[in-house]
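The chain that follows stands alone, in the form predicted alone, written as structure tokens.
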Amino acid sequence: MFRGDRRTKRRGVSRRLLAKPTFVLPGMVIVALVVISLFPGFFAGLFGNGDPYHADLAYSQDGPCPGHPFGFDLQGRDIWANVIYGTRTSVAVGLTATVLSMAIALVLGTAAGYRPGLVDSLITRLTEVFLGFPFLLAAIVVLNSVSRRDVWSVSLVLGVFGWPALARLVRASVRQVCQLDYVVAARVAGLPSRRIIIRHVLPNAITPVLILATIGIGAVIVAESSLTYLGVGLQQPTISWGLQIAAGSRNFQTAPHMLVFSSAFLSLTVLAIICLGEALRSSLDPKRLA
């Protein structure tokens, strides 16, 4: 394919995406969440003192009021500040675990797809072994044996158990690309395998993987919140939506605001990521790009 044709198709894809409200609106939400996660102190300071650890029992379970739009939790901490800092935690876990899963999937999936035979069989069996473990159950078992559960340890566990589905997609995509004429010609010409993979195979095989990984970020955020809610995820003093939801559910009847706002941020984030991934999927469909 000529470079001019590629540029033309990329511009066409960009125009289609920017014309989709299902891409633009979720994209704006995600950009806002990323900015919040990068500068939580600024946004937390828009209301109150901005310190998520500052507690005053005199305000325990008080509802929204001027200067504190989300009210206070059981310890009298400002829920707005905690939700803002929880955004950074959720985004960090989602991105870190997804990047780790994608790195593992790219290495193993490319090796399996490019080298049929023994290598493919071994990696396929390994993938099936990991797929045999229920994702959340495996994460619970491993995290229960970890003494310290912070952002990095939770992200590591979720990343290690989240790569099999991506690896299978990488393998299938690489095998399909390897059958194209220009890849066959590069092999016949004697080009090194590393160069063929980096310059020809991966650039043309990675699109569906990126789409699935984008949607997977939302799944990871939900998984982290679920594990934290069950008591095997993040621990204090880490600030997390999961911890806030767990505390809010225990006091929902007396202080429903403790659960509503953190749950709303979690739901909005996951919905925006899923909508963005679906918009990318429909716009980058190979049938439409052909």
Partner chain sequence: MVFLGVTVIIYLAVFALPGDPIRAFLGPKQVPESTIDALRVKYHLNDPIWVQYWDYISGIFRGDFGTNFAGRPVADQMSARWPVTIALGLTAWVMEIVAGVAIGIVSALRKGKWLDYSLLAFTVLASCIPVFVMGLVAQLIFGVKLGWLPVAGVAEGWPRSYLLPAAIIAVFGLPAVSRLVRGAMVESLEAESVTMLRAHGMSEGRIIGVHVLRNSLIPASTYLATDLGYLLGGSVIIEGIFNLPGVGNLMFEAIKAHEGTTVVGVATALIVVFLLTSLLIELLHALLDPRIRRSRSHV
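In this text the structure is predicted, and so the values were computed from the model without any measurement. Residue numbers count along the first chain shown, from 1.
If you look for the form predicted together with its partner chain, you will not find it shown, but the lines that follow are about it.
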{"property": "Proximity to its partner chain in the predicted bound form, single hit among I239, L33, A44, L259 (heavy atom within 4.5 Å)", "result": "L259"}
{"property": "Option touching its partner chain, based on a heavy atom within 4.5 Å in the predicted bound form, out of G117, P134, P203, P192", "result": "P134"}
{"property": "N49, heavy atom within 4.5 angstroms of its partner chain in the predicted bound form", "result": "no"}
{"property": "Contact flag, V129 vs its partner chain in the predicted bound form, heavy atom cut 4.5 Å", "result": "yes"}
{"property": "4.5 Å heavy atom contact, P64 and its partner chain in the predicted bound form", "result": "no"}
{"property": "4.5 Å heavy atom contact, Y59 and its partner chain in the predicted bound form", "result": "no"}
{"property": "Candidate stretches 36-44, 23-31, 249-257, 64-72 - the one whose heavy atoms come within 4.5 Å of its partner chain in the predicted bound form", "result": "249-257"}
{"property": "All of V91, V107 and V220 with a heavy atom within 4.5 Å of its partner chain in the predicted bound form", "result": "no"}
{"property": "Residues within 4.5 Å of its partner chain in the predicted bound form, restricted to 224-242 and counted by heavy atom", "result": "S225, S226, Y229, L230, G231, V232"}
